Each structure stands twice: as structure tokens, then as C-alpha cells.
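Below you will find one chain, with nothing else, as C-alpha cells; this is the form predicted alone, and questions on how it binds or moves follow later.
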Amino acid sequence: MKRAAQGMHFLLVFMAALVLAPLVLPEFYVTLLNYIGLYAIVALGLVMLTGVGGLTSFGQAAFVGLGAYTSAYLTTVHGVSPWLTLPAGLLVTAAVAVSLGLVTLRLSGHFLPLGTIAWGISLYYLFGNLAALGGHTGITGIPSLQLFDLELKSGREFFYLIWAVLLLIVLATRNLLDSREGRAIRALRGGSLMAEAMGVNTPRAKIVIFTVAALYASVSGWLYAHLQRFVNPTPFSLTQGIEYLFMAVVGGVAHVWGAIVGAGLITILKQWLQDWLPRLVGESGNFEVIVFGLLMIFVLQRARDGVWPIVMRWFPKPVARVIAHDSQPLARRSLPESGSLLLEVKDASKRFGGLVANDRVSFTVRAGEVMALIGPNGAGKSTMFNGISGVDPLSSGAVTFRGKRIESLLARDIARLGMSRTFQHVRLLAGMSVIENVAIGAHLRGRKSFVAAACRADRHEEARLLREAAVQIERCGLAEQMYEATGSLPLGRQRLVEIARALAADPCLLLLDEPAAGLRYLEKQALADLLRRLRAEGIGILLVEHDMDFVMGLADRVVVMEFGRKLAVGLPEEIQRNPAVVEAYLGGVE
């Protein structure tokens, strides 16, 4: 309680300081705060793009330039009102960002940041070489902003607008990340394959955060143009783009408030170094760049999460949101009639170069049936799962799900039809809570866009999605761990979280890859009871498992694989008596 009061006091002091700063500080410090606010807006975009989405960009300064130059050109050449140039700048920036994103975001690894460097340099030289934009001399005579009867001429008058915009963007960003779309964005970093299997359109999510980060930068550029009333290409160079990334990393690249901390630290430190280093060295030069390089190395080695998490140690952890179970339940899909054909795999093959992992495998799964897929390690069971679910498409063969051919569909499109799965190697977002991880499974059951999320117009739907996640968590016996970080749970419990996530998708076919691995005896019994209840509801289950007692006591039919081929299929008691299966699976018997 004491620490909560400290957090509230800090927020009140911060807001009071913002209100009083222009009234009591000298002009120099007000100007410095204005630039901190402008830089923080850009850094906020990098927090979402790089820290949350895992996409590194060195070209954000170019998007700042798009916002600034659009307003400068329209106001000085065509006499357009400055307030109308803001949506115009956002429109131009969005068009450029989407175009660049469609090309750049196809890259991965070190090619992605190299791509952002390439278009960042290109846009910088475009600003400097177009005569209509004043070349390297720039554009002067940009009109000041007028708010009702108040003309914002000085930095003191502009201060409140900059920081109001910044705080509004902070709020919108926090709202977005705390939503269905936000969970999809957070899944991009280290969880793209899982997210696709849960129905998330990851290419779209990447384009969204890339464009939103560009729009943040464009807003900063618009404000900069009317604060300075003059623009030239220099502030929009690659060097400035790198500095924006410095700000995000130093402040805490995965933390919204870290953008403000990083912008403040870098801006103040840069000003201080520019004043003092020439005196110490005895000559002028950009010596602060050397210090920034050393600082970045130190941060990456000693404080990779940035300064903000260190600051937050002094304040209370946020209280977990309590899920309202009285929210309206989500609509359920109609399940196929029990016993009807649900999945048909015919002559499925998967090749990796010269290696044949699956060789013309055929089997069926019916609604309300537990089909077990067993075999020695390396038999191709998980490869078959990946082929069926679209995670790693088959080389040849046919897969029919609910009467529709799906072997050529993307994983997210297959998930939309009612297939959900877990993974052999657990794929969870360790830093997110159990309920957030499970809610990703219900992604396709929501409809609100990222704009609605940013404006907090999705709260009713969000409550329903979280209620569904909570129901499935309780169903899997994890109620006590609902708000814990998933990475802190033992492996067996993490597998149960994956099952809960798969159930949150409301599937009619459930693919479970070694669900009992890591579970204790009583937990296995509880899992078996859960799967029996799901079977009774009419859900089809395709199960890969090495625990033969678990399989034989649960499965209706069993398919045995060896070296990528189907060895046998039949009832559990038939499989246990099959000499070929005993030979392959147990190495023979006396």
C-alpha cells in the first residue's frame, strides 16, 4: 500500500512539474524539454516496433522528415492551414510506410536493419535534392500554429501542445498493447510461428506496427516544423535515426515510459557533452558520438532492459486485472455430428532435400474420437502435425478437413476453420502472464481493430476474450497460476497452458503434441479426464504421445509410424498385440 501511494505521488509530481515547467524554467531548459518531448514521440514508435515487435529500424528519422516536409511544403507553397497539413502528412507517411514495409518486412535477420538503413538514406537525399523542397537549404517561413485565439510562437507556448500530444500517444500505445491486437503484436518477438497457428496474421501485424511507428514519427516532424518554422534535411539523417534507437534502448526498449526516460537522458547528456568535451579535449568536434557508442556498449552488457526497469524497482508492481466472469460468453462454433469424418490425410509426404520425413501416410480422424499417433523418436510424428496444421506444409499428398482441402492453406486460415494445436517444444511467451498467453488462442474470436484498441473502444470484447481464457485455464486446473508469468511455471504446467490456449480457440479438432510430457501421475489423470470430456462433447483429438499407458487407456484408435511410414493402424488392444509394432517400438520381445 505504501509503495502504491508512492507511485501515485510520483505521477502527481510529474504532472505538476509539466504544468509548472514553462512558467518557472529559463527559455533554454524549456527548449530542451520541447526536444525531449519530440524525440520521445519517435522513440515510442521504436518501443512498439523494436522492443515489443522485435523489428529493428534505423530509418525513423526519415519518417519525421516526411511529416515535417509535407507540412512545410503545403503551408508555404499552397497556403494550406497548418492543422490540415497534419492529416495530409499522416496520409503521405502511411502510404510510404506501407509501401516500404511490404518490401522491407519480408527481410529477416541482419537484412532487415540493413533495409531500413537503405531507405532511410534514400529519403534523406530525396529531401536534399528536390528543388521543390528547397534542396539542402530547406524551407523557411513556415507559419506558426494557432490554437483558437492563441498563436503558438514561442517554445513556452508550444511546450503544452508537445507534451499533451506525447502523453496522448503514451495512453494510446498502452491501450493498444493491452488488447487483443496488442497480444498479437507482442507475439511477433519469438512467437510468430505459434501466433500463426493461433490465427494471427503476422505479416499484417508487422505492417501495422511499422506504420504506426512511422505515424508517430510523422506527428513529431509536424510539431518540429511548426516549432522551428524552418526545415532542412539535416535533422532527418541516418545519424539521427540511430540516435532515436539509442534513446529507446537506453530508456528501456520494451517499456512505454522508457521512451521518455531515454529521450531525456540522451538529450541532456548530449547537450552536456557538447558543452564540456571541447573544453576538456581542447578542440571542437562531435566527441559526444564516441561517448554514446561506449554508453551503448555498456547498456547492452550491463542493463539490456534499459533504465526504466531499474527505476520501477522503487515502485509497486501493477495489480493484475481481475477477470469479470459475469461478462457475456463468446459464441461457440457448431461441432460436426459425432462419428462424422473430420480429418482425412491421404498419401501425405514431406521431404527435406533428400530426407523423407513422411512417406505417403494416410489416416482419418472422426468427430468425438481420440486418435493416437505413436512411434519411436524420429518417426515423423511432429512433422506430420506441422504438415496437417499448415505450420510446415507437406511436399505432396492431400489433407481434407471438414470436407475442405487444406494442404495448400496457411496455418492461420486452417486455424480459422476450427483446428487448434499444441507444440512438441512448448511455444509460449515467457514474459506474459498465463491468462494473456491463453487469450492469444481466442484471437480469431475477436473483431476489434487496433484503432479501436488504441481508443479503448474494445473493452467489452476484451472482457469476453479474457473471460474465455479464464474459463479454459480453470478447466485445465491452472486457476491458481492465472496471473503468474508463464516462464516461471514448470514444463508440465506450461504444457497445460498450451492446451488451455488451444481450447480458447473453440476448436472442433485438437492436435496435441506430447501433452503429458513433464506431468506428474495425478496431472496425467486429470488431463486424461479432460480429454475424455472433450471427446464426449464431440471434439476430435489427434494425439502424439510417448507414454503408452496414457495412450492405451485413452485412445479409440492408434496409428503407428516408423521411419516416416505408417506401420499399423487399429484399436489399442490390436496394436499392443501386433508383432511388427512390438518389434519397431520395443525392439522385440523374448
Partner chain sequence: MNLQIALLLGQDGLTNGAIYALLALALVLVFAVTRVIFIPQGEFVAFGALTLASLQAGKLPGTIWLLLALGTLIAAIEGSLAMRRRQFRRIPVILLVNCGVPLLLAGGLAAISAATLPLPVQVLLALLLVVPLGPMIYRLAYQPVAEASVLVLLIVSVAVHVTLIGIGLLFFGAEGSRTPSFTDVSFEIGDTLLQGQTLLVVVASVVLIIVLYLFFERTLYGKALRATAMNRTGARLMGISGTLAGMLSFTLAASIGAFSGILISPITTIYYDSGFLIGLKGFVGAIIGGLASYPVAAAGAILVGLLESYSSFWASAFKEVIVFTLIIPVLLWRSLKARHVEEE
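Residue numbers count along the first chain shown, from 1. No experiment lies behind these values; they were computed from the predicted model shown.
Form predicted together with its partner chain: not shown, discussed below.
Residues with any non-hydrogen atom within 4.5 angstroms of its partner chain in the predicted complex fall in just one of 290-298, 512-520, 71-79, 448-456: 290-298. Taking the partner from the other structure, its partner chain in the predicted complex has a heavy atom within 4.5 Å of a heavy atom of Gly115. Of the heavy atoms in Phe58, some are within 4.5 Å of its partner chain in the predicted complex. Remark: Ser144 does not count among the residues lining its partner chain in the predicted complex, judged by a heavy atom distance of 4.5 Å or less. Although the partner is absent from this view, Ser192 contacts its partner chain in the predicted complex, with a non-hydrogen atom inside 4.5 angstroms.
Shown without its partner, this chain lists Leu84, Val281, Ala479, Leu91 as candidates; in the predicted complex, only Val281 has a non-hydrogen atom within 4.5 angstroms of its partner chain. Only one of Val103, Leu491, Ala164, Leu171 lies close to its partner chain in the predicted complex, with a heavy atom inside 4.5 Å, and it is Val103. Although the partner is absent from the chain shown here, Leu130, Asn286 and Arg427 each have a heavy atom within 4.5 Å of its partner chain in the predicted complex. For the stretch 556-578, the set of residues having any non-hydrogen atom within 4.5 angstroms of its partner chain in the predicted complex is empty.
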